[in-house]
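Here we start with a single chain on its own, the form predicted on its own, put down as C-alpha coordinates.
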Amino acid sequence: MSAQPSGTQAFLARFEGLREHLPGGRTPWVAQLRAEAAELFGAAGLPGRRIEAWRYTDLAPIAQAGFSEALTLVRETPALPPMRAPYRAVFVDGRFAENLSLLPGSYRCGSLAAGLDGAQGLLGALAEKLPLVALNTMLFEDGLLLDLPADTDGGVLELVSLASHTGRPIAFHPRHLIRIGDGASLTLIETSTGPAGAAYLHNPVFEIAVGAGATLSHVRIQREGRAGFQLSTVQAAVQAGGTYDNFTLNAGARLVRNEIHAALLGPKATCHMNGAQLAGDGQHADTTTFLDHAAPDCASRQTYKTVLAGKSRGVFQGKILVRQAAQRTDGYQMNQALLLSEEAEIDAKPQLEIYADDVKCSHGATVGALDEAQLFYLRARGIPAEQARAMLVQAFLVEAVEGVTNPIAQAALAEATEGWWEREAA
(Lines give C-alpha, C1' and ligand atoms only; values in the text may rest on other atoms or scores of the structure.)
Protein backbone atom coordinates (compact mmCIF):
# COMPACT_ATOMS: atom_id res chain seq x y z
CA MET A 1 0.00 0.00 0.00
CA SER A 2 1.47 3.37 -1.02
CA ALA A 3 2.01 6.10 1.56
CA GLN A 4 -0.43 8.99 1.51
CA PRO A 5 0.84 12.51 0.79
CA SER A 6 1.43 14.64 3.87
CA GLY A 7 -1.80 16.29 5.01
CA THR A 8 -4.20 13.69 3.61
CA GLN A 9 -4.34 11.64 6.80
CA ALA A 10 -4.86 14.79 8.87
CA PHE A 11 -7.99 15.68 6.90
CA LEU A 12 -9.24 12.09 7.14
CA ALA A 13 -8.63 12.08 10.90
CA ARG A 14 -10.53 15.32 11.19
CA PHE A 15 -13.47 13.76 9.36
CA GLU A 16 -13.47 10.68 11.59
CA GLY A 17 -13.52 12.87 14.68
CA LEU A 18 -16.30 15.12 13.43
CA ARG A 19 -18.48 12.95 11.21
CA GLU A 20 -21.42 12.63 13.61
CA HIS A 21 -21.29 16.34 14.46
CA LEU A 22 -21.32 17.60 10.88
CA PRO A 23 -24.68 18.59 9.35
CA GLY A 24 -26.63 15.48 8.40
CA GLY A 25 -24.13 13.28 10.23
CA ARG A 26 -26.89 10.91 11.34
CA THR A 27 -29.02 11.24 8.20
CA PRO A 28 -28.42 8.05 6.16
CA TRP A 29 -28.09 9.56 2.68
CA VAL A 30 -25.81 12.40 3.88
CA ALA A 31 -23.67 10.01 5.94
CA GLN A 32 -23.29 7.74 2.91
CA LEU A 33 -22.36 10.66 0.66
CA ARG A 34 -19.69 11.78 3.11
CA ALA A 35 -18.36 8.23 3.60
CA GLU A 36 -18.04 7.69 -0.16
CA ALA A 37 -16.22 11.02 -0.46
CA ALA A 38 -13.85 10.03 2.36
CA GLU A 39 -13.08 6.77 0.59
CA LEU A 40 -12.35 8.61 -2.66
CA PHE A 41 -10.20 11.23 -0.93
CA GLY A 42 -8.37 8.56 1.04
CA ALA A 43 -7.49 6.72 -2.18
CA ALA A 44 -6.47 9.82 -4.15
CA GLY A 45 -5.07 12.09 -1.43
CA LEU A 46 -4.23 15.73 -1.98
CA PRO A 47 -3.29 16.16 -5.66
CA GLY A 48 0.45 16.11 -6.35
CA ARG A 49 2.51 17.49 -9.21
CA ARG A 50 2.84 14.06 -10.78
CA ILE A 51 -0.81 14.42 -11.79
CA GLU A 52 -0.87 16.25 -15.14
CA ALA A 53 -3.68 18.65 -14.11
CA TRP A 54 -1.59 19.70 -11.09
CA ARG A 55 1.93 19.73 -12.53
CA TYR A 56 2.21 23.52 -12.25
CA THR A 57 0.66 23.96 -8.78
CA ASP A 58 2.23 22.47 -5.67
CA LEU A 59 -0.07 21.90 -2.67
CA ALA A 60 2.83 21.02 -0.34
CA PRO A 61 2.37 24.28 1.66
CA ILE A 62 -1.24 23.26 2.36
CA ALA A 63 -0.27 19.72 3.28
CA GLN A 64 2.31 21.07 5.73
CA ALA A 65 0.16 23.79 7.29
CA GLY A 66 -1.66 21.55 9.77
CA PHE A 67 -5.27 22.32 8.94
CA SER A 68 -6.46 19.50 11.18
CA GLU A 69 -7.91 21.18 14.27
CA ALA A 70 -11.48 20.63 15.43
CA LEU A 71 -14.19 23.16 14.63
CA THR A 72 -14.06 26.30 16.73
CA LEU A 73 -16.37 29.23 17.30
CA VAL A 74 -15.51 32.54 15.65
CA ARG A 75 -13.52 34.66 18.08
CA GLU A 76 -13.72 37.94 16.20
CA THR A 77 -16.12 38.81 13.42
CA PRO A 78 -14.19 40.32 10.51
CA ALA A 79 -15.21 43.59 8.92
CA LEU A 80 -17.84 43.29 6.22
CA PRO A 81 -17.26 44.83 2.79
CA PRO A 82 -19.78 47.55 1.87
CA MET A 83 -23.17 46.22 0.82
CA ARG A 84 -23.88 47.02 -2.82
CA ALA A 85 -26.77 44.74 -3.81
CA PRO A 86 -30.27 44.64 -2.27
CA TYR A 87 -29.58 41.26 -0.69
CA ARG A 88 -26.62 39.29 0.55
CA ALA A 89 -25.78 35.99 2.20
CA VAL A 90 -22.77 36.10 4.52
CA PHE A 91 -20.67 33.10 5.57
CA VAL A 92 -17.99 33.29 8.28
CA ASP A 93 -15.50 30.42 8.25
CA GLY A 94 -17.86 28.52 5.97
CA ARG A 95 -20.93 28.89 8.22
CA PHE A 96 -24.01 30.96 7.48
CA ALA A 97 -24.17 34.18 9.52
CA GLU A 98 -27.87 35.02 9.73
CA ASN A 99 -27.26 38.21 11.73
CA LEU A 100 -25.07 39.62 8.95
CA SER A 101 -27.27 38.55 6.04
CA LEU A 102 -30.27 40.04 4.31
CA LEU A 103 -32.06 37.47 2.16
CA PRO A 104 -34.81 37.79 -0.46
CA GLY A 105 -38.21 36.47 0.56
CA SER A 106 -39.49 35.74 -2.94
CA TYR A 107 -37.50 32.53 -3.49
CA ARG A 108 -35.64 29.88 -1.52
CA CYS A 109 -32.28 31.23 -0.43
CA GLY A 110 -30.41 30.50 2.76
CA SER A 111 -28.34 28.00 4.72
CA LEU A 112 -27.66 24.61 3.17
CA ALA A 113 -27.18 23.08 6.63
CA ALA A 114 -30.68 24.23 7.63
CA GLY A 115 -32.22 22.96 4.38
CA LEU A 116 -30.22 19.78 3.97
CA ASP A 117 -33.25 17.51 4.31
CA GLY A 118 -34.64 18.97 1.07
CA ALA A 119 -31.39 18.59 -0.86
CA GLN A 120 -31.47 14.84 -1.36
CA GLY A 121 -30.92 14.01 -5.01
CA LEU A 122 -29.52 17.49 -5.64
CA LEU A 123 -26.38 17.60 -3.53
CA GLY A 124 -23.63 15.72 -5.32
CA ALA A 125 -25.61 15.42 -8.55
CA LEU A 126 -22.96 17.30 -10.55
CA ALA A 127 -19.92 16.34 -8.52
CA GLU A 128 -17.13 14.66 -10.45
CA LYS A 129 -14.60 12.42 -8.79
CA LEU A 130 -12.17 15.22 -7.99
CA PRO A 131 -10.09 15.00 -4.79
CA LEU A 132 -10.82 18.54 -3.65
CA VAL A 133 -14.55 18.08 -4.25
CA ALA A 134 -14.32 14.88 -2.20
CA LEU A 135 -12.52 16.78 0.57
CA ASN A 136 -15.29 19.38 0.52
CA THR A 137 -18.02 16.71 0.60
CA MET A 138 -16.35 15.08 3.61
CA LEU A 139 -16.13 18.22 5.70
CA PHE A 140 -18.61 20.86 4.52
CA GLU A 141 -20.53 22.48 7.37
CA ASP A 142 -22.75 24.83 5.43
CA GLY A 143 -23.16 26.75 2.20
CA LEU A 144 -25.68 28.65 0.15
CA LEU A 145 -28.84 26.82 -0.89
CA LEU A 146 -30.50 28.81 -3.65
CA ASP A 147 -33.45 27.57 -5.72
CA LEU A 148 -34.82 30.16 -8.15
CA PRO A 149 -38.21 29.19 -9.61
CA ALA A 150 -38.87 29.17 -13.34
CA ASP A 151 -39.42 32.52 -15.10
CA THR A 152 -38.29 34.51 -12.05
CA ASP A 153 -36.01 37.53 -12.11
CA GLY A 154 -33.87 37.02 -9.04
CA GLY A 155 -32.15 40.41 -9.37
CA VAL A 156 -28.73 40.77 -7.73
CA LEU A 157 -27.51 38.79 -4.74
CA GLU A 158 -24.16 39.08 -2.96
CA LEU A 159 -22.44 36.02 -1.54
CA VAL A 160 -19.79 37.07 0.98
CA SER A 161 -17.28 34.65 2.49
CA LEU A 162 -15.15 35.84 5.41
CA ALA A 163 -12.32 34.17 7.27
CA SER A 164 -12.18 35.09 10.94
CA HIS A 165 -9.31 36.01 13.26
CA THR A 166 -8.93 32.71 15.11
CA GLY A 167 -5.22 32.92 15.88
CA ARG A 168 -4.42 29.49 14.40
CA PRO A 169 -4.72 27.75 11.02
CA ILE A 170 -8.31 26.91 10.11
CA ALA A 171 -9.87 25.20 7.11
CA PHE A 172 -13.44 25.54 5.90
CA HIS A 173 -15.19 23.90 2.97
CA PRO A 174 -18.51 25.59 2.08
CA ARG A 175 -20.78 23.79 -0.37
CA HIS A 176 -22.95 26.09 -2.47
CA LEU A 177 -25.93 24.53 -4.26
CA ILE A 178 -27.52 26.82 -6.86
CA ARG A 179 -30.42 25.96 -9.16
CA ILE A 180 -31.76 28.44 -11.72
CA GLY A 181 -35.18 27.40 -13.04
CA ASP A 182 -36.19 27.44 -16.71
CA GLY A 183 -36.39 30.98 -18.05
CA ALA A 184 -35.16 32.52 -14.76
CA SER A 185 -32.27 34.96 -14.31
CA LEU A 186 -29.92 35.98 -11.50
CA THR A 187 -26.73 37.96 -10.98
CA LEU A 188 -24.57 36.52 -8.20
CA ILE A 189 -21.65 38.63 -6.96
CA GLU A 190 -19.31 36.58 -4.80
CA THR A 191 -16.60 38.12 -2.63
CA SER A 192 -14.12 36.27 -0.43
CA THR A 193 -11.81 38.03 2.01
CA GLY A 194 -9.78 37.29 5.12
CA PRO A 195 -7.24 38.70 7.60
CA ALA A 196 -3.98 39.84 6.03
CA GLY A 197 -1.62 37.71 8.10
CA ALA A 198 -3.78 34.69 8.92
CA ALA A 199 -3.09 31.23 7.50
CA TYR A 200 -6.33 29.52 6.49
CA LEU A 201 -7.74 27.31 3.76
CA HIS A 202 -10.96 28.18 1.93
CA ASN A 203 -12.08 25.23 -0.22
CA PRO A 204 -15.52 26.11 -1.69
CA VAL A 205 -17.43 23.95 -4.16
CA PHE A 206 -20.27 25.29 -6.31
CA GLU A 207 -22.84 22.96 -7.84
CA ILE A 208 -24.76 25.05 -10.36
CA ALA A 209 -27.69 23.95 -12.55
CA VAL A 210 -28.92 26.45 -15.16
CA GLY A 211 -32.30 25.55 -16.63
CA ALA A 212 -33.51 25.85 -20.21
CA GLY A 213 -33.52 29.46 -21.37
CA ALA A 214 -32.20 30.63 -17.99
CA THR A 215 -29.28 32.99 -17.29
CA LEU A 216 -26.83 33.09 -14.40
CA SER A 217 -24.20 35.82 -14.27
CA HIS A 218 -21.60 34.79 -11.69
CA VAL A 219 -19.01 37.42 -10.75
CA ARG A 220 -16.30 36.17 -8.38
CA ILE A 221 -13.92 38.52 -6.54
CA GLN A 222 -11.20 36.67 -4.63
CA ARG A 223 -9.39 38.93 -2.16
CA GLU A 224 -8.24 36.42 0.45
CA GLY A 225 -5.58 37.44 2.96
CA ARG A 226 -2.04 37.31 1.63
CA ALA A 227 -1.19 34.31 3.87
CA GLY A 228 -4.40 32.43 3.02
CA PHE A 229 -5.12 29.67 0.51
CA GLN A 230 -8.14 29.22 -1.74
CA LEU A 231 -8.90 26.08 -3.75
CA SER A 232 -12.26 26.58 -5.45
CA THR A 233 -14.20 24.29 -7.77
CA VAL A 234 -17.18 25.41 -9.83
CA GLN A 235 -19.31 22.81 -11.62
CA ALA A 236 -22.04 24.15 -13.88
CA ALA A 237 -24.55 22.27 -16.05
CA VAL A 238 -26.37 24.37 -18.65
CA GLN A 239 -29.53 23.19 -20.38
CA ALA A 240 -30.86 24.12 -23.85
CA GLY A 241 -30.82 27.84 -24.54
CA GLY A 242 -29.38 28.60 -21.10
CA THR A 243 -26.41 30.86 -20.34
CA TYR A 244 -23.76 30.62 -17.66
CA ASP A 245 -21.59 33.74 -17.55
CA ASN A 246 -18.60 33.54 -15.18
CA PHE A 247 -16.05 36.24 -14.42
CA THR A 248 -13.36 35.58 -11.81
CA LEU A 249 -10.89 38.06 -10.39
CA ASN A 250 -7.99 36.52 -8.44
CA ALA A 251 -6.32 39.31 -6.49
CA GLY A 252 -5.40 37.77 -3.14
CA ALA A 253 -4.16 34.67 -1.28
CA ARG A 254 -0.72 33.11 -1.11
CA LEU A 255 -1.93 30.31 -3.39
CA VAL A 256 -5.18 30.17 -5.31
CA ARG A 257 -6.61 27.58 -7.71
CA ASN A 258 -9.76 28.55 -9.59
CA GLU A 259 -11.11 25.42 -11.28
CA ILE A 260 -14.24 25.59 -13.46
CA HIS A 261 -16.04 22.66 -15.10
CA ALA A 262 -18.94 23.66 -17.34
CA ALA A 263 -21.10 21.35 -19.45
CA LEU A 264 -23.39 22.56 -22.27
CA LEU A 265 -26.05 19.86 -22.25
CA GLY A 266 -28.74 21.20 -24.59
CA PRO A 267 -28.84 22.88 -28.02
CA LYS A 268 -27.95 26.58 -28.14
CA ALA A 269 -26.58 26.65 -24.61
CA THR A 270 -23.90 29.29 -24.00
CA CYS A 271 -21.01 29.68 -21.58
CA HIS A 272 -18.71 32.66 -21.06
CA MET A 273 -15.72 32.16 -18.77
CA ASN A 274 -13.57 35.25 -18.40
CA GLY A 275 -11.18 36.38 -15.72
CA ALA A 276 -8.18 38.29 -14.51
CA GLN A 277 -5.34 37.24 -12.23
CA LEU A 278 -3.24 39.81 -10.36
CA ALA A 279 -0.33 38.24 -8.48
CA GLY A 280 2.47 39.98 -6.62
CA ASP A 281 5.64 38.81 -4.94
CA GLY A 282 5.27 35.35 -3.38
CA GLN A 283 1.82 34.66 -4.83
CA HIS A 284 0.71 31.74 -7.01
CA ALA A 285 -2.47 32.06 -9.11
CA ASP A 286 -3.88 29.10 -11.08
CA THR A 287 -6.93 29.12 -13.34
CA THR A 288 -7.95 25.74 -14.78
CA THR A 289 -11.04 25.34 -16.96
CA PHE A 290 -12.81 22.44 -18.64
CA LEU A 291 -15.63 23.21 -21.07
CA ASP A 292 -17.67 20.24 -22.28
CA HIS A 293 -19.65 20.83 -25.49
CA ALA A 294 -22.08 17.91 -25.32
CA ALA A 295 -24.90 19.25 -27.55
CA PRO A 296 -25.15 20.87 -31.00
CA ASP A 297 -25.30 24.59 -31.81
CA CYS A 298 -23.62 25.74 -28.60
CA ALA A 299 -21.16 28.60 -28.14
CA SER A 300 -18.45 29.32 -25.61
CA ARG A 301 -16.01 32.19 -25.04
CA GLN A 302 -13.02 32.30 -22.70
CA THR A 303 -10.71 35.28 -22.19
CA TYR A 304 -8.25 35.27 -19.29
CA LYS A 305 -5.65 37.92 -18.50
CA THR A 306 -2.82 37.46 -15.99
CA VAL A 307 -0.61 40.22 -14.58
CA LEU A 308 2.42 39.12 -12.57
CA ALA A 309 4.72 41.29 -10.47
CA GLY A 310 7.72 40.43 -8.30
CA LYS A 311 8.57 36.77 -7.87
CA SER A 312 5.14 35.36 -8.65
CA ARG A 313 3.76 32.54 -10.74
CA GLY A 314 0.63 32.27 -12.85
CA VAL A 315 -0.98 29.23 -14.42
CA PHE A 316 -3.66 28.88 -17.07
CA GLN A 317 -4.91 25.49 -18.21
CA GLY A 318 -7.95 25.49 -20.45
CA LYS A 319 -9.52 22.54 -22.23
CA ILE A 320 -12.44 22.52 -24.67
CA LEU A 321 -14.00 19.12 -25.36
CA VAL A 322 -16.32 18.86 -28.37
CA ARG A 323 -18.23 15.60 -28.38
CA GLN A 324 -19.35 13.86 -31.56
CA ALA A 325 -22.95 15.02 -31.12
CA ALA A 326 -21.90 18.65 -30.70
CA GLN A 327 -22.04 19.69 -34.35
CA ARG A 328 -21.88 23.41 -35.21
CA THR A 329 -19.98 24.21 -32.02
CA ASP A 330 -18.47 27.69 -31.81
CA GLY A 331 -15.68 27.80 -29.22
CA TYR A 332 -13.05 30.46 -28.53
CA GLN A 333 -10.31 30.58 -25.89
CA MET A 334 -7.60 33.19 -25.32
CA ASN A 335 -5.08 33.52 -22.51
CA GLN A 336 -2.69 36.46 -22.26
CA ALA A 337 -0.08 37.25 -19.62
CA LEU A 338 1.73 40.46 -18.76
CA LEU A 339 4.99 40.03 -16.84
CA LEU A 340 6.06 43.10 -14.85
CA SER A 341 9.20 41.47 -13.44
CA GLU A 342 12.01 39.29 -14.75
CA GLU A 343 11.34 36.94 -11.83
CA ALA A 344 7.67 36.39 -12.72
CA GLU A 345 6.68 33.14 -14.44
CA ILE A 346 3.61 31.95 -16.36
CA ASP A 347 2.65 28.43 -17.47
CA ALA A 348 -0.02 28.23 -20.18
CA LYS A 349 -1.59 25.08 -21.57
CA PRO A 350 -4.59 25.59 -23.89
CA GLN A 351 -6.15 22.40 -25.28
CA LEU A 352 -8.76 21.38 -27.85
CA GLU A 353 -10.21 17.87 -28.09
CA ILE A 354 -12.68 17.64 -30.97
CA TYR A 355 -14.74 14.66 -32.15
CA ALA A 356 -17.27 16.54 -34.35
CA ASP A 357 -16.54 17.57 -37.93
CA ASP A 358 -18.63 20.76 -38.24
CA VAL A 359 -17.09 23.11 -35.68
CA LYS A 360 -15.41 26.48 -35.32
CA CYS A 361 -12.90 26.39 -32.49
CA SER A 362 -9.75 28.38 -31.77
CA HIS A 363 -7.37 29.03 -28.91
CA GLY A 364 -4.32 31.14 -28.31
CA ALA A 365 -1.83 32.29 -25.69
CA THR A 366 0.54 35.26 -25.51
CA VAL A 367 3.16 36.37 -22.97
CA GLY A 368 4.84 39.76 -22.90
CA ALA A 369 6.03 42.77 -20.92
CA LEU A 370 4.87 46.39 -20.85
CA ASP A 371 5.35 48.11 -24.19
CA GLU A 372 8.26 50.52 -23.74
CA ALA A 373 7.03 52.68 -26.64
CA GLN A 374 3.63 53.11 -24.99
CA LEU A 375 5.29 53.84 -21.66
CA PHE A 376 7.53 56.47 -23.30
CA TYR A 377 4.49 58.03 -24.99
CA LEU A 378 2.73 58.49 -21.64
CA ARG A 379 5.88 59.71 -19.85
CA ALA A 380 6.50 62.25 -22.62
CA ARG A 381 3.11 63.77 -21.83
CA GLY A 382 3.97 64.40 -18.22
CA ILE A 383 2.44 61.28 -16.65
CA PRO A 384 4.59 59.90 -13.78
CA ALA A 385 6.17 56.49 -14.36
CA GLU A 386 4.13 54.59 -11.77
CA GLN A 387 0.85 56.10 -12.96
CA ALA A 388 1.78 55.34 -16.57
CA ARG A 389 2.46 51.69 -15.73
CA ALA A 390 -0.83 51.46 -13.84
CA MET A 391 -2.71 52.85 -16.84
CA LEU A 392 -1.14 50.27 -19.16
CA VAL A 393 -1.97 47.43 -16.76
CA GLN A 394 -5.60 48.58 -16.60
CA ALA A 395 -5.74 48.81 -20.40
CA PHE A 396 -4.40 45.25 -20.65
CA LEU A 397 -7.25 43.97 -18.44
CA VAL A 398 -10.04 45.73 -20.33
CA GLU A 399 -10.90 42.89 -22.72
CA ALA A 400 -11.46 40.41 -19.89
CA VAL A 401 -13.45 42.82 -17.71
CA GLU A 402 -15.66 44.42 -20.37
CA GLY A 403 -18.01 41.42 -20.38
CA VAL A 404 -19.17 42.37 -16.86
CA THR A 405 -22.08 44.68 -17.58
CA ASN A 406 -23.90 44.85 -14.24
CA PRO A 407 -23.07 48.25 -12.66
CA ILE A 408 -22.97 46.82 -9.13
CA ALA A 409 -20.45 44.18 -10.21
CA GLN A 410 -18.45 46.76 -12.16
CA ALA A 411 -18.14 48.96 -9.05
CA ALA A 412 -17.01 46.00 -6.93
CA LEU A 413 -14.36 45.03 -9.49
CA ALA A 414 -13.10 48.59 -9.80
CA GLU A 415 -12.67 48.79 -6.03
CA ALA A 416 -10.83 45.44 -5.92
CA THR A 417 -8.31 46.39 -8.62
CA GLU A 418 -7.81 50.07 -7.77
CA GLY A 419 -4.25 50.85 -6.78
CA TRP A 420 -3.00 47.28 -7.28
CA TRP A 421 0.07 48.22 -9.31
CA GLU A 422 1.01 51.06 -6.95
CA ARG A 423 0.87 48.67 -3.96
CA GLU A 424 2.96 46.01 -5.70
CA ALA A 425 5.51 48.53 -6.92
CA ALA A 426 5.94 50.08 -3.45
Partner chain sequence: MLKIEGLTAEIDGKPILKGIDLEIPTGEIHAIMGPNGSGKSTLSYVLSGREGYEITGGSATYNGLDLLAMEPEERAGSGVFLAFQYPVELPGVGNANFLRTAVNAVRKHKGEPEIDAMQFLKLARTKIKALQMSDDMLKRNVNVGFSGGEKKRNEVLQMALLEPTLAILDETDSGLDIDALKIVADGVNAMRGANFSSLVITHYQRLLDYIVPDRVHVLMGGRIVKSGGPELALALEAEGYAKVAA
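Numbering follows the first chain given and starts at 1. Just so we're clear, the structure is a prediction, and the values are computed from it rather than from any experiment.
Omitted here: the form predicted together with its partner chain. The next part is about that form.
Peer 1: State yes or no: in the predicted bound form, is some non-hydrogen atom of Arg26 no more than 4.5 angstroms from a non-hydrogen atom of its partner chain?
Peer 2: It does not: once its partner chain is placed as it appears in the predicted bound form, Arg26 has no heavy atom within 4.5 Å of it.
Peer 1: Mark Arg379 yes when one of its heavy atoms lies within 4.5 Å of a heavy atom of its partner chain in the predicted bound form, and no otherwise.
Peer 2: Looking in the predicted bound form, residue contacts with its partner chain include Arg379, since a heavy atom lies within 4.5 Å.
Peer 1: Would you please decide whether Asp357 lies within 4.5 angstroms of its partner chain in the predicted bound form, comparing each non-hydrogen atom pair?
Peer 2: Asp357 lies outside the contact set for its partner chain.
Peer 1: Decide whether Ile383 counts as a contact residue for its partner chain in the predicted bound form under a heavy atom distance cut-off of 4.5 Å.
Peer 2: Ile383: yes, in contact with its partner chain in the predicted bound form.
Peer 1: Do heavy atoms from each of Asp297, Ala299 and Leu321 fall within 4.5 Å of its partner chain in the predicted bound form?
Peer 2: No, because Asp297, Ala299 and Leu321 lack any heavy atom that approaches its partner chain to within 4.5 Å in the predicted bound form.
Peer 1: I need to confirm a contact call. Of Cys361, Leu392, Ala65, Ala365, which residue comes within 4.5 Å of its partner chain in the predicted bound form, counting heavy atoms only?
Peer 2: Going through each option in turn, the one that passes is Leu392.
Peer 1: Tell me which stretch of 371 to 379, 57 to 65, 43 to 51, 28 to 36 has a heavy atom within 4.5 angstroms of its partner chain in the predicted bound form.
Peer 2: Only one stretch qualifies here: 371 to 379.
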